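As structure tokens, one chain now follows by itself in the form predicted on its own.
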């Protein structure tokens, strides 16, 4: 298992290195940075939904929480290192408490989806209503629907005047995504990951085998929230402003669409789905003939009808079918050739 993870990690590093080097030749690093952020956000839901079977309708809550935590902490601290860590820790702790309430309460999948949706709505409404001067955390005003601008963006640790932006932010975000992917791959290859998949397949059987299902689902849920929080902090650095729209239902719905389109139960599917659809949305934003929401809805319907498993599983299945047939054909021809030589020799 360790050897397999080592080979996967090496292949991932090589592939990522090539893609990070080639991609700026086609798309600007400014656009690539936000595509990477969205890919990380989709991965956070893909982990808990695709491997843990936990459908969270409120992944945007952790995304927005990470962004706002970073902005508030950066204004009060004046440096980005600790705020980046807090943007991961705060959503993690919040999700641990929420997950413990849901999973130790033995709530069904539908109720988990409803609660996460309601939590997102509450945060969205609350942040929108914080426009008054009394809503202040230290030096940071929450700003209501105007959001929080003008905070310290990413800098070299210990040197607030040395900013990491533009191409530097792109490479930092790409490196962060690779690290997260490696950690997710390691987690899924570990006993914890295999048990999580077992819980997804048959929660009752895993419980009867003696595993603490609620604890494992809570931890997996919190890890997904931490990844979403990191994505939120990177988005805040890219946009240089955070607004209540980060908590919106539209944002939560897009994350779900990204995972479905890319392919649940895969590590790369949600990332590819997020990057492809977000870039498509960016291109569609340059036209005014058709409402973009209608187009995105149509894309979702087409995927559900014709590619229900998503892009990555469809490509892998097609590749296996194509080269599997070629391999089988070569093997058959080789056996016939050997049989023919044997018949000639016997004759």
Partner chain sequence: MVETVLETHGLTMRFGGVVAANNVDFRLGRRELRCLIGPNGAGKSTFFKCVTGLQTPTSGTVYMRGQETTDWRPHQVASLGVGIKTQVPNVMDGLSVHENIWLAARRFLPSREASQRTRDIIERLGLGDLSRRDLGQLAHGERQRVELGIVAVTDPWLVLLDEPAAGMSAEDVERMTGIIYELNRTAAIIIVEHDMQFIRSIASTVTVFHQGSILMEDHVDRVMADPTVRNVYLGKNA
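As the structure is a prediction and not an experimental result, all values here were calculated from the model. Numbering follows the first chain given and starts at 1.
Separately, the form predicted together with the partner chain exists; it is not shown, and the next lines address it.
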| property | result |
| --- | --- |
| One stretch from 99 to 107, 157 to 165, 247 to 255, 75 to 83 that, in the predicted bound form, holds residues within 4.5 Å of the partner chain by heavy atom | 99 to 107 |
| Touches the partner chain in the predicted bound form: residue 240 (any heavy atom, 4.5 Å) | no |
| Close approach of residue 183 to the partner chain in the predicted bound form, 4.5 Å, heavy atom | no |
| Residue contact check: residue 211 to the partner chain in the predicted bound form, 4.5 Å heavy atom | yes |
| Partner contact for residue 132 in the predicted bound form: the partner chain, 4.5 angstroms, heavy atom | no |
| Heavy atom within 4.5 Å of the partner chain in the predicted bound form - the one residue of 136, 122, 276, 197 that qualifies | 197 |
| Within 187 to 207, the residues that have a heavy atom no more than 4.5 Å from the partner chain in the predicted bound form | 191, 194, 195, 197, 198, 201, 202, 204, 205, 206, 207 |
